[in-house]
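Take a look at this single chain, the form predicted alone, given in structure tokens.
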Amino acid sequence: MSALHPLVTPRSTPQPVRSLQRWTHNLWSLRIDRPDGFRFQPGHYTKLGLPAGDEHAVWRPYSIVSAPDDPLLEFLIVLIPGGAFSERLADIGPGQNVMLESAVFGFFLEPQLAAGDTLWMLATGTGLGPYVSLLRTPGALDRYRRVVLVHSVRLAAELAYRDELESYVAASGGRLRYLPVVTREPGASPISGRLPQLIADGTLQQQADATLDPASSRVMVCGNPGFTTDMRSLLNGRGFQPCRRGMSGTMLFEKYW
């Protein structure tokens, strides 16, 4: 979802960057001002734009990491070498503006899921963002007895928000389990491997001490297209049902990638 569009549209406004958290050289958390009247739910995404010539901008979609009552908007961004947006973002700093699309998009919203006992939140890379928003939102996950957050990355340094997530675990009274999975750095996490395979052989369920079945489990999946395709096939095979407009389901996928 990338294109050149007019720099300023009736639905976009310039917003100053307030802070940058550099997790690695190419993985950043960006915080910008939140305009009056900008409303969203955890799981929504919007678009950010940067100038590309005098009258145009390059735009990219990003999930919102903030809680809905946060005065700033936060985004978890990976910079792609040679990318049209990334090349421009690499030089930005606090006080400089980015364009913000005033609308929000998407249906990756937890309330679409049918009631269940255990919520699995599965992410690769920057797919973690919507789950951080949910965990930052008081009461957002109260209808589940247990919540399992799984974040798969290549290197341990890419485990963004790890300290924050571990603080939620400590305060949860055993309700929240956080499982980091590092795939290209041996020994950096208790388990390693592709998430679909770790689920297929039961490793992930054993580490979480939780079942993954459609009778009691609900699953959210956000990450790269290969991961989501494999997870859809695996969950379909186990009897999970997708959420559809006007109908609750047992699995929910982010589709903006």
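Just count from 1 along the sequence shown to find any residue number. Bear in mind that the values here come from a model prediction, so they are computed numbers and not experimental data.
The following text describes the form predicted together with a small molecule, which does not appear among the structures shown.
This chain appears without its partner; in the predicted complex, the one residue of L135, A160, V153, V150 with a heavy atom within 4.5 Å of the small molecule is V153. For a residue to qualify, one of its non-hydrogen atoms must sit within 4.5 Å of the small molecule in the predicted complex; all three of N26, L79 and T124 qualify. The small molecule is not shown here, and in the predicted complex it never comes within 4.5 Å of any heavy atom of G202. When contacts are judged by a 4.5 Å heavy atom cut-off, D33 does not count as touching the small molecule in the predicted complex. At least one heavy atom of G226 is located within 4.5 Å of the small molecule in the predicted complex. Taking the partner from elsewhere, T118 is found to have every heavy atom lying beyond 4.5 Å of the small molecule in the predicted complex.
Of the candidate stretches 178 to 186, 135 to 143, 109 to 117, 163 to 171, only 178 to 186 has residues with heavy atoms within 4.5 Å of the small molecule in the predicted complex.
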